[in-house]
Ligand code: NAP
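Take a look at this single chain, the form predicted on its own, given in structure tokens.
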Amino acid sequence: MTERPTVAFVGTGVMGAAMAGHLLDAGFPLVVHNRTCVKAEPLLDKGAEWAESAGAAAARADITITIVGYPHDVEQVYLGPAGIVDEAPAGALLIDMTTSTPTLAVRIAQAAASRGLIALDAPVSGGDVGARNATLTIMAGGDRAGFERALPLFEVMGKTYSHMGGPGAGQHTKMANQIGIAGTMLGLIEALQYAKAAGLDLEKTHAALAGGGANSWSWGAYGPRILAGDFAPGFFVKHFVKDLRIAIEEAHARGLTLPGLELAERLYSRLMEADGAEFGTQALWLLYERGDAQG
């Protein structure tokens, strides 16, 4: 059996911990870093090694994967002093799986190439369920050879993986994905709000519509959570608002107005401002329940 490359994994939050765990279970030697060490402890207990910084983790690895919070976090761990680009060994593959900006993805790819490194932007879709079940959709931009090199890892963490083009193409694809999700989440919540107002049994309604054209991934994954009053994050509201704002900015840069997307951003921003930032995206239901969802 060919020896597995050592992987540095930076960001062991709701999704990253599960993704890193799959790599560890598949036999990849793992070095991890997270801003709070406690979130990495289950991985350390299973045999992963700890690094004191993202750059220190990258220095010990053939492949570095990151999934952090915001574009400014991505910029800091890659391009900051003693960051990943500075510290990774020549020939290393860098894979950012954060949802970030296409422009930053291009900058990182250029900086990486200047040091003999290959960088991919490879954001994911599927939330906490996809991360736990290794069924994520992975959309990658960057060098084709880098994508081929990353495939053995993508196959462990995901179910669908696509090379979408050059640097930034993965992030553009993720923006299209988030625009689609924004619309389906509004549809899910408004359908259930209508059913409630009409006096229907919500569980029966959800089950009935799951067999028809209204069904979607969000309908199956988040409908039951709403009905159970479970608003714990599979994907944080605060991160979804970040994504929607990036999508709006990228659309406007191309002369494109997307009113459905802009409505979703306004509603989710309102939820975030009403102490909903740490909830999951299904918590938009609460805004409707309070009668505060007027566009």
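One rule holds for the numbers: they count along the sequence shown, beginning at 1. Bear in mind that the values here come from a model prediction, so they are computed numbers and not experimental data.
We do not show the form predicted in complex with the named molecule, though everything after this point is about it.
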* To do: Let me know the one among 51, 63, 67, 30 whose heavy atoms come within 4.5 Å of the named molecule in the predicted bound form, would you?
  => 67
* Please check if residue 20 has a heavy atom lying within 4.5 Å of any heavy atom of the named molecule in the predicted bound form. => no
* Using the partner position in the predicted bound form, report whether residue 105 sits within 4.5 Å of the named molecule, counting heavy atoms only. => no
* To do: Look up in the predicted bound form whether residue 36 has a non-hydrogen atom within 4.5 angstroms of the named molecule, and give yes or no.
  => yes
* Asked: Is residue 86 close to the named molecule in the predicted bound form, meaning a heavy atom pair under 4.5 Å apart or at it?
  -> no
* Asked: Of 206-214, 149-157, 111-119, 71-79, which is the one stretch near the named molecule in the predicted bound form, taking non-hydrogen atoms within 4.5 angstroms as near?
  -> 71-79
* To do: Within 4.5 Å of the named molecule in the predicted bound form, which residues of 185-199 have a heavy atom? Give them in sequence order, or say none.
  => none
